[in-house]
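Only one chain is given next, in structure tokens, and it is the form predicted on its own.
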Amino acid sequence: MSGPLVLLGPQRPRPNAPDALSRFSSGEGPVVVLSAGWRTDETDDEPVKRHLGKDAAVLPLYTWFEVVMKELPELRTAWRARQDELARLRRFHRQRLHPSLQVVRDLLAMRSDGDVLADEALRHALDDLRRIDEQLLQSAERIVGAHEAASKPWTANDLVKRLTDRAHEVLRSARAVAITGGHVAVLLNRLQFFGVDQILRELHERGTPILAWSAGSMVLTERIVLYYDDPPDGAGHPELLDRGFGLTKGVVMLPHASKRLRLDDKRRVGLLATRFAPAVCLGLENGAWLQRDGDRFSNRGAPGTAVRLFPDGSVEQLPQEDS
């Protein structure tokens, strides 16, 4: 049976990860913490031990990755080439995405009850938008696959293999795994570089509790969405980053939703929820605590800390359940 999977909101100013961990973690072994998204703060384990217990241990994947890049210039060049091509892909994707989003916005604004032609046009426009999103993910996978085929796998190198084997050994010894926030793209690719995504699936299937918050909750989903309605420059269009690890299916996680999204703008909320449907868009704030029970999530967090975004533009608090 799969182990407990708990998704929390941002941990500041009042962390609830310690309470969640105490309820789902027992037995032998350390609490292994994956905090590669924090980069410079990754190796500072004092706050981790203070909040999660003395047996909490940071697995320093970001630090290890930097060692690999420094020690292996040939691999660094190959990695950089791959990342540059992915960045170029995203620039092309935006050129197609933004006009398609505008078409959907315009059609949503023109809708009226009983307008069959407008409804049909909207359905086609949404299909176009979703196809553009899916093509981004497929093209990214093709680029990654092509680079892997053109060179030896990372783990063919002795240094990378030793670090990867060590990471897997530590994770398999864990009584629980905690995945923190930080920069979601950095967190995602560092975990993937060392094959941690595969081990997380293995641990989940064998019953190891997994807790994640903020960016950590995002990487566990099927699709990772980047969002900010009011960026310092440019248009605030939500964009797909990549596929996640798929431990959490049918949801899009939106930490800090109240700060990063105009939740009072029904058109923007409706477009976001409609675009990624049938997945459910969930906003998480400090104090949120979602626990997966079978195929559904129960809300064990503080009132008002977890909300669902609906295609009609409404935003509703998730009903609380007894913890």
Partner chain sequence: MSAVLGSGADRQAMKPVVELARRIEADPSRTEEEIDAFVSANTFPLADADSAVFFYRSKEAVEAVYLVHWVFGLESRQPFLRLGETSAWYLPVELPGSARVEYKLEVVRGGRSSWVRDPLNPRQAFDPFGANSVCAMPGYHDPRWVRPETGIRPGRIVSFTEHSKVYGGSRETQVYLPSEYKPHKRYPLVICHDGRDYLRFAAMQTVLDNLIGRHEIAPMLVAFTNGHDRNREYGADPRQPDFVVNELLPWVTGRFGVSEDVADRAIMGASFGGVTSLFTAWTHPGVFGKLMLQSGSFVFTDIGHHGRSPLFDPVVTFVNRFRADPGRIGVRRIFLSCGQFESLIWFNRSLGPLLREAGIETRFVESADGHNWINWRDRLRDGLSWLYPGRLWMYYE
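Keep in mind the model is a prediction, meaning the values are calculated, not measured. Positions refer to the first chain, counted from 1.
Although it is not shown, the form predicted in complex with the partner chain is what the next lines describe.
In the predicted bound form, segment of 116-124, 99-107, 179-187, 138-146 with a heavy atom within 4.5 Å of the partner chain: Every other range fails; the passing one is 179-187.
The unique member of Arg292, Lys266, Lys49, Arg260 whose heavy atoms fall within 4.5 Å of the partner chain in the predicted bound form: Contact with the partner chain in the predicted bound form is made by Arg260 alone.
Just to be sure I understand the contacts: of Leu75, Leu89, Val170, Leu241, which is the one whose heavy atoms reach within 4.5 angstroms of the partner chain in the predicted bound form? Filtering the options by heavy-atom distance leaves Leu241.
Taking Pro13, Asp41 and Met218 as a possible spot, do all three reach the partner chain in the predicted bound form with a heavy atom inside 4.5 Å? Affirmative, all three are within 4.5 Å.
So in the predicted bound form, is the partner chain close enough to Thr164 to count as touching (4.5 Å, heavy atoms)? No.
Just checking whether Leu226 would be counted as a contact of the partner chain in the predicted bound form - the rule being heavy atoms within 4.5 angstroms. Yes, contact at 4.5 Å.
Might Pro255 be said to contact the partner chain in the predicted bound form, defining contact as any heavy atom within 4.5 Å? Close contact exists here: in the predicted bound form, Pro255 approaches the partner chain to within 4.5 Å, heavy atoms only.
At the 4.5 Å heavy atom threshold, is Gly236 in contact with the partner chain in the predicted bound form? The answer is yes: Gly236 has a heavy atom within 4.5 Å of the partner chain.
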